[in-house]
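This document opens with one chain alone, in structure tokens, the form predicted on its own.
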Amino acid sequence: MSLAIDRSKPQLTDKPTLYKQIRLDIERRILSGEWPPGHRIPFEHELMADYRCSRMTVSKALSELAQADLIERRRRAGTFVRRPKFLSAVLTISDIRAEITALGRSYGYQLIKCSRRIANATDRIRLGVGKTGKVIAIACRHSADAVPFAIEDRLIDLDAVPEAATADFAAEPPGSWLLHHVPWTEAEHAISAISADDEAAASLDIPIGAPCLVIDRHTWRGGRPLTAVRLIYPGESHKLVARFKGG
């Protein structure tokens, strides 16, 4: 993965000019699409060898590229072309699978856990119901181009959505299935931020303590709770957008 240098040009020797040349060379490859999002940039020692310069010169060039949000430097993993931030609408219920494929990315889904049980007190509080029978508890992970995109923790009230009992959530994400099979009349989003705990960090492949965006969503049909879901996204790769008009 060596960075090719045009040897027909005079070799640059002064460090202030050379670090700018390194930065411009990498920037050109990123903006031209030669190095797509997620591409690993040569390691610092490789760049040092290619440009015959010091680590300080290379580090300065990479620091400026990171400040411009063109690259991201991951400890022990290397330096990568930064992926574009994902956008989610605050005032709609989006299908994560459709959201990712609309960006031209490859969607991936992993069912981590799916169980059916008699609703306990915590389930009833989370769903906002005084009493109910059985629920389905689902934990799953969504990815884009094999990179973790979000983890999902969902409860479905089987009294309100009995058809969910026969759904194959190993084959279809629960959010996609619900949007295509169960009409809803009301929805509520609560947006917050957390630091990734051990479990979230492992599932999202981010450091423990990294910032995460959280969406807690409830949906109802005719006043009857259908589902409650918590979605956790890596904070550095996701943001929410809302656009609305005044009266």
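Take the two forms, find the largest set of C-alpha atoms that superpose within 1.5 Å, and that set is the rigid core. One-based numbering along the sequence shown. It should be emphasised that the depicted structure is a prediction, and the values quoted were computed from it without experimental measurement.
Another form exists, predicted together with the DNA; not displayed. Remarks below refer to it.
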message: So in the model of the complex, is the DNA close enough to residue 73 to count as touching (4.5 Å, heavy atoms)?
response: yes
- request: Although the DNA is absent from this view, report whether residue 203 comes within 4.5 Å of it in the model of the complex, heavy atoms only.
  value: no
message: So, residue 219 and the DNA: in the model of the complex, are they within 4.5 Å at any heavy atom pair?
response: no
task: Answer yes if any heavy atom of residue 78 is within 4.5 Å of a heavy atom of the DNA in the model of the complex; otherwise answer no.
output: yes
- prompt: With the partner removed from view, which of 208-216, 31-39, 45-53, 174-182 is the stretch that lies within 4.5 Å of the DNA in the model of the complex, judged by heavy atom distances?
  reply: 45-53
message: Between 238, 224, 20, 230, only one gets a heavy atom within 4.5 angstroms of the DNA in the model of the complex; which residue is that?
response: 20
query: Would you say residue 127 moves between the shown form and the other one, meaning its CA shifts by 2 Å or more once the core is fitted?
result: no
message: Core superposed first: is there a CA shift of 2 Å or greater at residue 77 between the shown form and the other one?
response: yes
message: Once both forms sit on the same rigid core, is the C-alpha displacement of residue 57 at or above 2 Å between the shown form and the other one?
response: yes
